[in-house]
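This document starts with one chain, in the form predicted on its own, laid out as structure tokens.
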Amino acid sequence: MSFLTLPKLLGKLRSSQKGQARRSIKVGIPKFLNIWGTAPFWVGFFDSLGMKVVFSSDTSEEQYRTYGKGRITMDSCFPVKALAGHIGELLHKDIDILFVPMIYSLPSFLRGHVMDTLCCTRVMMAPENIKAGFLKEKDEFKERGIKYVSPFVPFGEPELLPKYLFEGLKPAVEDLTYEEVVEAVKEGFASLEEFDKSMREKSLEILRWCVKNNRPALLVLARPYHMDPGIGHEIDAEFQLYGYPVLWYNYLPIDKWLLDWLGISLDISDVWTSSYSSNTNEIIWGAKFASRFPWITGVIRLSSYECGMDQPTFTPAQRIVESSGTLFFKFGELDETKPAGSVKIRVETIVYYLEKYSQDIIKRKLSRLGEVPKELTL
């Protein structure tokens, strides 16, 4: 063994020993807002540091009323308010650190003319606003011996992530080193990339099934947190009960052969020049994909009450989708309460139109494209 490799091995040994020592540290993460699009990163990140992640439950009315009632310090959309229930629930679990990142920007698969990948400002500041509700009468974090960590997280500038995450976590994990955080960030991105890849492969598998069986599918345009059953009210699941495969825009396949066939790229400059919001950019791109792919015959748009970020996108997304004759349906102003009865009636109505028009839509969209790629008929 050379003297050059010995320090590296000793470094790995010390890191391994630290990892074992930290296995007892439990990090609670509220399963809210942009955690829905970045959770694999956090699992990979904390696993690399030797810590165990504990997520809160899905959003529910019971969770909010049991743990979050009276904690709201500002008026906002329900997805932001729901954070109070998640934090309150985690305070009743066996955790050492409550990790609530202020996510400023997000990773994105889009390329070309993309001005930025920013998050909604209310969403980014939600951790600080909701935290205040747990401090206004007494410090409930300190009372329960839980360290509250809320670092600034610019996913859009990955080179800055180690700095902000190290500064945020260091007061809570005294033996943490900057080098460990650099490595953990790499592990986090690898975990996120692997997850996204597997989801895109699953979406492609579904689309191939639609092609093989000449069956229509639906695409959901929404924010990633609408996957939360308590925020999106499982409207997508209602359509699955009628046998319609449902895909989400953020996990559509982006293979070059497929995009070339559809005549689109990962650029949205032809339809959306104000490309600052990450979720908005990807929603617009998803609308383009849906307007071209023959077997996506209907788009379901979900939006929460008071969402200012969604307002400017309603008309452009609808026009893009309907420009090819694809059906477009919107469930707007979603809030805390699930309007179960009206949702079921609307779903039944939409299913009627899907059954009546889907085959014509498939034929019309196919007529505008070249031969179906062999990769789609595997």
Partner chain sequence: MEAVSFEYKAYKPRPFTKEERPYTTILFGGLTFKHERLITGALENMGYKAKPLPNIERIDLDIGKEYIDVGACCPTTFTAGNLARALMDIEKREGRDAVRDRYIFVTVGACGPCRFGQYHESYERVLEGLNLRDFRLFLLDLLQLEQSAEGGGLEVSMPLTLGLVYAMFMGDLITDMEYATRPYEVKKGQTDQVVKDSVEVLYERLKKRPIVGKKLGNFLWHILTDYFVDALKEVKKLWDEIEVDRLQPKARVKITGEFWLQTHEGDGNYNIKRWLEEQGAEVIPPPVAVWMDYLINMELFKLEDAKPFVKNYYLKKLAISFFAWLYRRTYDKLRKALNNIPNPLPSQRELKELARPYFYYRLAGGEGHMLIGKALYALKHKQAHMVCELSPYGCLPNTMSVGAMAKVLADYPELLYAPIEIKGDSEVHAYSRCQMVLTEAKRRAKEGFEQALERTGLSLEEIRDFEEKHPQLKRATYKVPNYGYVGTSANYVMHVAKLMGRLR
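Keep in mind that what you see is a predicted model, and the values were worked out from it rather than measured. Residue numbers count along the first chain shown, from 1.
As for the form predicted together with the partner chain, it is not shown, yet the points below apply to it.
Proximity of Met199 to the partner chain in the predicted complex falls outside the 4.5 Å heavy atom cutoff. A residue is said to contact a partner when one of its heavy atoms sits within 4.5 Å of a partner heavy atom; Glu348 fails this definition for the partner chain in the predicted complex, lying far away. Contact annotation for Ala126: at least one heavy atom lies within 4.5 Å of the partner chain in the predicted complex. Using a 4.5 angstroms limit between non-hydrogen atoms, Ile361 touches the partner chain in the predicted complex. Of the candidate stretches 92 to 100, 206 to 214, 240 to 248, 303 to 311, only 303 to 311 has residues with heavy atoms within 4.5 Å of the partner chain in the predicted complex.
This chain is displayed alone, yet in the predicted complex one of Val80, Val299, Ile283, Val181 has a heavy atom within 4.5 Å of the partner chain; that residue is Val80. Residue Tyr104 is the only one of Tyr225, Tyr104, Phe289, Trp295 with a heavy atom lying within 4.5 Å of the partner chain in the predicted complex. The putative spot formed by Val114, Tyr148 and Pro373 is not touched by the partner chain in the predicted complex; no residue has a non-hydrogen atom within 4.5 angstroms of it. Shown here without the partner chain, the chain has no residue in 205 to 225 lying with a heavy atom within 4.5 Å of that partner in the predicted complex.
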